[in-house]
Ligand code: HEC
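Below you will find one chain, with nothing else, as structure tokens; this is the form predicted alone, and questions on how it binds or moves follow later.
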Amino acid sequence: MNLGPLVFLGTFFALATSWLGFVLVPQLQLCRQQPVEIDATGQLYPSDPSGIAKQGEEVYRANGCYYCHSQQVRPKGFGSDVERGWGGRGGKVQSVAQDYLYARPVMFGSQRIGPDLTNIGLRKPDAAWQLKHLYDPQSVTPKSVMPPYRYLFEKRKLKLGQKPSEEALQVANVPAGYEIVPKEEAKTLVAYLMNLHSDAILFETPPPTNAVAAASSTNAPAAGGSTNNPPAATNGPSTNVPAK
């Protein structure tokens, strides 16, 4: 009896089922999600990166940053992400599907030689620090194994009596009469990094218990009075989740 056709059909069925379960179904589930409006600001979360942040995403991808940095905060029990403060919403909450609504493709990362960058825009909101870190990582993070990306910067000669420009980096070992300034690629890359944050309180990511207690204490109305603090946005039926 020739079992070749049965083996082929069985293999095809197994691969097709795996593809449906791991690729198509999650994609359909994610596509049905919608941005959430933040009550306090009226802005939508997540927002689709635009302008130089969108350009910076291409620089991030082109330079292979995702080889050494991940963008996925894992829940407790799957590593020390939350303990390190990498999570959003107070550093204590893992990533959820909605955080990646506009990420195409999602750059989860393949290794963690460097720290997770999911919330680097919250942890390091200083653009000058980000630029200096790209040019000379060890100058701001001792013992860092990250290579310098100095080709994203330009060493520019100053004219006689000319002062360094406002965008010149404050770094060591710059020859006299020269300045180090970021190229457009470095500026857009930093704009993308600054845009990485997941701080909106969602239905599936309520704030930590201590934050709930603090918010409840803060929002409690005084005797004979009332509170005007608006509730945080959620993407579920409940609207009583307090703001962070």
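Residue indices: 1-based, along the sequence shown. Keep in mind that what you see is a predicted model, and the values were worked out from it rather than measured.
One more form of this protein exists, namely the form predicted together with this ligand; it is left out here, but the text below deals with it.
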Item to check | Contact assignment for this ligand in the model of the complex, among P115, G79, G109, P164, heavy atom within 4.5 Å | outcome: P115
Checklist entry - Ok, L122, A168, A103, M146: which has a heavy atom sitting within 4.5 Å of this ligand in the model of the complex? => result M146
Checklist entry - in the model of the complex, do G42, Y45 and A200 all put a heavy atom within 4.5 Å of this ligand? => result no
Next on the checklist: Among the candidate stretches 95-103, 169-177, 156-164, 130-138, which one is within 4.5 Å of this ligand in the model of the complex when only heavy atoms are counted?
Outcome noted: 130-138
Checklist entry - Is G64 close enough to touch this ligand in the model of the complex, meaning at least one heavy atom pair within 4.5 Å? => result yes
Checklist entry - Wondering, does V181 line up within 4.5 Å of this ligand in the model of the complex on heavy atoms? => result no
Next on the checklist: With a cut-off of 4.5 Å between heavy atoms, is L193 one of the residues that contacts this ligand in the model of the complex?
Outcome noted: yes
Checklist entry - Is there any non-hydrogen atom of C68 lying within 4.5 Å of this ligand in the model of the complex? => result yes
Next on the checklist: Using a 4.5 Å heavy atom cutoff, which residues in 36-51 contact this ligand in the model of the complex? It's fine if the answer is none.
Outcome noted: none
